[in-house]
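Starting off, we have a lone chain in the form predicted on its own, written out as structure tokens.
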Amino acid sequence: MIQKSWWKILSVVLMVYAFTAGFLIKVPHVGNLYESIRNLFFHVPMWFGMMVLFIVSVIYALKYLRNPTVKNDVYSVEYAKTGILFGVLGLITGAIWANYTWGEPWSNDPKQILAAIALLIYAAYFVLRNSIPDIDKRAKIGAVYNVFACAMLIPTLWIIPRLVESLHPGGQGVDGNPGMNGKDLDPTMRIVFWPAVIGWTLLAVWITTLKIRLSLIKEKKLANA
């Protein structure tokens, strides 16, 4: 039992550590961030978790296109759902952070706009699926769209934000650039940040596995009805 659940135990331990140390350690004063820099242990790891979930989702979408089974479809959908949840949480925590550092929760910063566009693309994925009554068509078209949605994460989150000026710290430019440089992290913050990334990601996977089990039970009931 413990051998199968070791990663869940690790998730709990890392999350407790991230929350405790995240609020108690002494943080450096960088620019006008002050104590709000502690949000780095929550806001950024949520985005890391989101990216992992979306990548796993598209892997199962590709597996479905090669081997169209209910299991592959359910895995793909549920990972995408939790990915959107963590993306929304990332936007909310980012808006709270921006309110304290930039004076308003939404300042039309390129990173904010492109992150919102990326999530809207994934939201359209579920709108598309719900608009198709045929189960097989829904799964197949949804899988194809999932590949497109995941591909769009590359320009919206990783390429375009690094080509324009942004209020986000790090990188080159007069006002800073959203590209995060590992050298920007204080060593004290690093020992909390990376465990937080792993902890949030494992938590995201844990939530998804529970949702997958529920979905497969529902699918089984429908098949037996």
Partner chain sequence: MNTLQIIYALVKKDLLLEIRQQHSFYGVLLYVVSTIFVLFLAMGSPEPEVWNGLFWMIQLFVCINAVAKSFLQESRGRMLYFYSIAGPRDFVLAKLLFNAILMLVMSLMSLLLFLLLMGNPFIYAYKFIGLVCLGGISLSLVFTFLAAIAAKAQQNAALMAIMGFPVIIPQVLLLMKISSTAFSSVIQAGQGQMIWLLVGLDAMVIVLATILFPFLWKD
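If you're wondering where the values come from, they're calculated on a predicted model, not measured in any experiment. Residue numbers count along the first chain shown, from 1.
What comes next is about the form predicted in complex with the partner chain, which does not appear here.
K.L.:
Indicate whether A124 is a 4.5 Å heavy atom neighbour of the partner chain in the model of the complex.
P.N.:
Yes, A124 is a contact residue.
K.L.:
Any of the heavy atoms of S131 lying within 4.5 Å of the partner chain in the model of the complex?
P.N.:
S131 belongs to the contact set for the partner chain.
K.L.:
Can you work out whether I159 and the partner chain are in contact in the model of the complex, taking contact to mean some heavy atom pair no more than 4.5 Å apart?
P.N.:
Yes, I159 sits close enough to the partner chain in the model of the complex that at least one of its heavy atoms falls within 4.5 Å.
K.L.:
Examine L33 and determine whether its closest non-hydrogen atom to the partner chain in the model of the complex is within 4.5 angstroms.
P.N.:
No, no contact at 4.5 Å.
K.L.:
Between the partner chain and L65, V147 and L163, in the model of the complex, does every residue show a non-hydrogen atom at 4.5 Å or closer?
P.N.:
The answer is yes; L65, V147 and L163 each reach the partner chain.
K.L.:
Among 74-82, 100-108, 133-141, 87-95, which stretch has residues with heavy atoms no more than 4.5 Å from the partner chain in the model of the complex?
P.N.:
It is 133-141 that comes within 4.5 Å of the partner.
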